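As a starting point, one isolated chain is supplied in C-alpha cells, in the form predicted on its own.
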C-alpha cells in the first residue's frame, strides 16, 4: 500500500450502561477489564504494518469517552509511534454527555482529537429515560456549550421515530444555535435481543409509525437545508467542509483498518473482521470475507446511491455488471428517480426514504 492513504477505526466496547436500543458490541466493564483490553489493543496497533498515510482516525463504540485518560494516552502513543499522519488528519471520538467533563475535553484537544461526535439522540427528558440514556436535556446542552469552547468540528446524533417524538427538527435547531456543524439523524431500529424490542412487543414503548417517521424526516431535511446543511448521505447533514471524512472514506471504498473487538477492515479490495467477543478477539481470530463480485456490486450500489458521491458505472462494468441493461434502469431514469452524470449514477435525494426499495430493483440477478 505504498504512497496510499488509509483510515483507522478503533472500537471501544465499554459503556456506563447499555442503551435499550443498542445492538452493537458493547458492555459495561471494570477498570481491570478495560486495562487488559487496551493493552491488547495497543499490541494489535503495533503489529499492523503499513506504508500508507493515515488520513482519518475514528474512535467508536460503545462509549469511548468512558476510557480513562491513561488508557486513551496509551492508544495515541501507539498510533504516533507506528504510523504517519496526514497533515490535516481528522480524528473523531464518540462521546456521551454523561461521561465527559471539561477536563477531558481539554485532554482530548491536547491529544490531537479535532472532531467530536456527541450522542444526543433526543432533547426530551422523558424519552431519554425511556430508551435507557443516562443524560438529560440540560446535560446535553451544557456539553455542547463546553465542547464548542475547545472544538470547532462538532457532530450530534439524533434518533427519528422515538415514541411521541414529533418535530425533531427543533432539537437540531437548538444544537445548531449552540455551534454544532454536523447532524446525523438515524431512524430507530428495533433489534431482537434488545430491551426496546421487548418494550415494543409489550406495547410499553410505541415508536412512530412509518408515515409519521417519513413526515419527521422530511421536516428535518427541509429545516437543515434552510440552515445550509448539505445532505451528503441519507442520514448525514453538514455545513460545507464539515462532512465526516472518515465516513466518506467508507462509502467511497477507501482502505481502512479496524482495531478492537468486532472491528471491520477493507484493504486492497479484501474485507476481514475481528471476532465479535473478547474471548475470540484475544485469540486473534479474524473472519475473512470471500472475494465475491456479487456482494461488492450490491455494496457499491447500496452505499453509493445513499450518498451524493453516486456509483461509478465503469467500476460496476469491471465487476461484471452493466446496470444499464437492468430492466428497471431506464424506467427509473425516465421517472427522474435516478440520473446519470459524468459516468456515474445518482439517486435523487427526494427518493432517499425509499432508497432500499429502489436499489433492490437495480441489483443484478443472483
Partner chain sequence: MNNNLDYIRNFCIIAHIDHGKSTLADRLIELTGTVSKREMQDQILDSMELEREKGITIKLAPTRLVYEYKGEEYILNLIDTPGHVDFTYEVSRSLAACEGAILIVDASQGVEAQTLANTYLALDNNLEIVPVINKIDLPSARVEEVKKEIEEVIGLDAEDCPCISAKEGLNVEDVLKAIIEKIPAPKGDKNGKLKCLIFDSHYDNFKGAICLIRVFDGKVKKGDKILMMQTNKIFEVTEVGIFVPTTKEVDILKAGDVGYLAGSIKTIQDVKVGDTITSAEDPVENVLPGYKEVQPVVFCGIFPVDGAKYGELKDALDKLRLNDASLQFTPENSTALGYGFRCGFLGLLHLEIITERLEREFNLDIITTAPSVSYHVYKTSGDMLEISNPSNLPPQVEIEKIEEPMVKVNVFTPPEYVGSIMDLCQDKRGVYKNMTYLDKRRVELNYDLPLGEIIYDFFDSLKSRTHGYASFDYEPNGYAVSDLVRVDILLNGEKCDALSLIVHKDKAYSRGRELAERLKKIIPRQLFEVPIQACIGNKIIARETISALRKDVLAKCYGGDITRKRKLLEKQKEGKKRMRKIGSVEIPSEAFMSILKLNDEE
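What you are looking at is a predicted structure, and each value in this text was computed from that prediction instead of being measured. Residue numbers count along the first chain shown, from 1.
Form predicted in complex with the partner chain: not shown, discussed below.
J.: In the predicted bound form, is there a heavy atom of the partner chain that lies within 4.5 Å of any heavy atom of residue 55, even though the partner is absent here?
T.: Residue-level check for residue 55: no, no contact with the partner chain.
J.: With a cut-off of 4.5 Å between heavy atoms, is residue 328 one of the residues that contacts the partner chain in the predicted bound form?
T.: Output for residue 328 is yes: heavy atoms within 4.5 Å of the partner chain.
J.: Residue-level question: is residue 141 within 4.5 Å of the partner chain in the predicted bound form, judged on heavy atoms?
T.: It does not: once the partner chain is placed as it appears in the predicted bound form, residue 141 has no heavy atom within 4.5 Å of it.
J.: Contact between residue 356 and the partner chain in the predicted bound form at 4.5 Å, heavy atoms?
T.: So residue 356 counts as contacting the partner chain.
J.: So, a 4.5 angstroms cut-off on heavy atom distances: do all three of 189, 264 and 337 pass it with respect to the partner chain in the predicted bound form?
T.: So, yes: the whole triplet contacts the partner chain.
J.: If we take heavy atoms and a 4.5 Å cut-off, which stretch out of 106 to 114, 79 to 87, 264 to 272, 169 to 177 is in contact with the partner chain in the predicted bound form?
T.: In the other structure, the partner sits against 264 to 272.
J.: Of the options 127, 153, 235, 98, which one has a non-hydrogen atom that comes within 4.5 Å of the partner chain in the predicted bound form?
T.: Checking each option against the partner chain in the predicted bound form, the one that comes within 4.5 Å is 235.
J.: Of the options 277, 215, 148, 73, which one has a non-hydrogen atom that comes within 4.5 Å of the partner chain in the predicted bound form?
T.: By the 4.5 Å criterion, the partner-contacting residue is 215.
J.: Could you pull out the residues of 301 to 333 that have any heavy atom within 4.5 Å of the partner chain in the predicted bound form?
T.: Stretch hits, in order: 302, 303, 306, 327, 328, 331, 332.
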